[in-house]
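Taking the form predicted alone, here's one chain by itself in structure tokens.
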């Protein structure tokens, strides 16, 4: 005679459902806390010692960050008040403050899909200082260099194109954090943080996610790489 399957009581079935549900919740929480544990550092801009209502922010863009789960991804490093570099895109600045930014760009560049990305906007004086020269438009068609990335805070209308390094130079930085003895460009500019507490999303708009559709995946969408937040605080 064929064996009958074991029949579970309603209580047993309910227990199995509850255990399965608890396991699922546990996996979700594990993922959330894992993300929080791996979230990039937050760096506070350094108060200027020579100019009132001004903070200084020093950053670098590297073709390969050299650390973390994706060491070969492009991304930012940000320097803290003690001169220590942090691989992050999370920054705090005060309200009603001029934010003076210096970006060392170590990645190679190229032609732009959209010429609007070459235009400067939202910065003090309407210009950036690129390697010692004031510019309102950065030429994306310069042979061997071009635009590597853009520094854009849409909520503050800030757009700054970052001029690239010639990829054929002998002292090209391989992994971050890079140092000033390696090939780079230097872009300086300032913007006003605004009069209210707010979290501003910022990112690069030049597709630089190598290996992803249209270059818009991977580092382009990841905190610590080419997307982040400026926290304007009191």
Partner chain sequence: MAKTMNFPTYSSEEGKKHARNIVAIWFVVAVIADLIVWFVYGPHMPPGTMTDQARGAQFDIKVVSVMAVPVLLFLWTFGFYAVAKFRGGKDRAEGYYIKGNVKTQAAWYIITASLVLFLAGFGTYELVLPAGAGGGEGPSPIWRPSTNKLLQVQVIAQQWRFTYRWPQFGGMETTSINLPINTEIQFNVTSLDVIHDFWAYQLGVKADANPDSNNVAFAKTLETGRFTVRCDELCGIWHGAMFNYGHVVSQSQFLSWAQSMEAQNASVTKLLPKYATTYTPSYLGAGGGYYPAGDPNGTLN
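Numbering follows the first chain given and starts at 1. It should be emphasised that the depicted structure is a prediction, and the values quoted were computed from it without experimental measurement.
The protein also exists as the form predicted together with its partner chain; that form is not presented, and the subsequent description refers to it.
This chain appears without its partner; in the model of the complex, the one residue of 144, 71, 154, 122 with a heavy atom within 4.5 Å of its partner chain is 154. For the options 126, 115, 83, 132, the one in contact with its partner chain in the model of the complex, meaning a heavy atom within 4.5 Å, is 115.
Among heavy atoms of residue 207, some come within 4.5 Å of its partner chain in the model of the complex. By the criterion of a heavy atom within 4.5 Å, residue 79 is excluded from the residues contacting its partner chain in the model of the complex. Its partner chain in the model of the complex comes within 4.5 Å of a heavy atom belonging to residue 159.
Its partner chain in the model of the complex is not approached by residue 191, whose heavy atoms all lie more than 4.5 angstroms from it. Judged by heavy atoms within 4.5 Å of its partner chain in the model of the complex, the contact stretch among the candidates 163-171, 42-50, 60-68, 199-207 is 199-207. Contacts between stretch 126-146 and its partner chain, counted in the model of the complex as any heavy atom lying within 4.5 Å, involve 137, 139, 140, 141, listed in sequence order.
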